[in-house]
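Here you get one chain, nothing else, as structure tokens; it is the form predicted on its own.
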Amino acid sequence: MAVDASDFLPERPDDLEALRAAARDCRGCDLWEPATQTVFGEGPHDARMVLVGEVPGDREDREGHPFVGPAGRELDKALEAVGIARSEVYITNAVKHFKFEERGKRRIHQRPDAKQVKACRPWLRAELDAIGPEALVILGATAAKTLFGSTFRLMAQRGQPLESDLAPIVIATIHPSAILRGSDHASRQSQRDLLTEDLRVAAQALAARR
């Protein structure tokens, strides 16, 4: 039995279309079975910036595209605020299948466990290797721990340039869903400001490389 996604990688892991096609049949962990489909990354093959979230949500699972739900709308607003066109970035998730708990007719998002995150890591590394981005923005603690290990502390290290062989510019920030969890307008705006501030750091660093 497969222990991770590496058993499903195509012969040419540097080809994004080949990766996307192969990922549709991934059985590297148990999340594939209840999920509707694999939600792979999307964006230009030559994107200068890659954004990595945590796991698809309900709408992403149904539609098959990353960041198309409420959190995606928050991300779009933040990208627009700092002058980044979504069409120019590659957006993906650390885990490619929706993890959820059914409550009546609703499917409630659940955080993937360490085993599931580890099992899916080969897809993310292959995406990054295929694109070779100049800037990598990590959205949320799950994505950050996928790439930097369990000791990574998001709120202590967010918005700061991180040393990594993944890309010349690496920045971690909150996941846009943190905005949606705010209890009132002030708390939501505070989270929105954090996300925008950190994306601006990445955008400015990327612009300086031209």
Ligand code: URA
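For clarity, every value in this text was computed on a predicted model and none was experimentally measured. Counting begins at 1, following the sequence as shown.
In what follows, reference is made to the form predicted in complex with the named molecule, a form of this protein that is not presented.
- Screening 171, 49, 55, 144 for any heavy atom within 4.5 Å of the named molecule in the predicted bound form leaves a single hit, 55.
- In plain terms, the part of the chain that comes close to the named molecule in the predicted bound form, with a heavy atom within 4.5 Å, is 58-66 out of 153-161, 181-189, 58-66, 41-49.
- Residue contact check for residue 78: none of its heavy atoms lie within 4.5 Å of the named molecule in the predicted bound form.
- In the predicted bound form, the named molecule lies within 4.5 Å of some heavy atom of residue 71.
- Residues of 80-119 placing a heavy atom within 4.5 Å of the named molecule in the predicted bound form: 93 alone.
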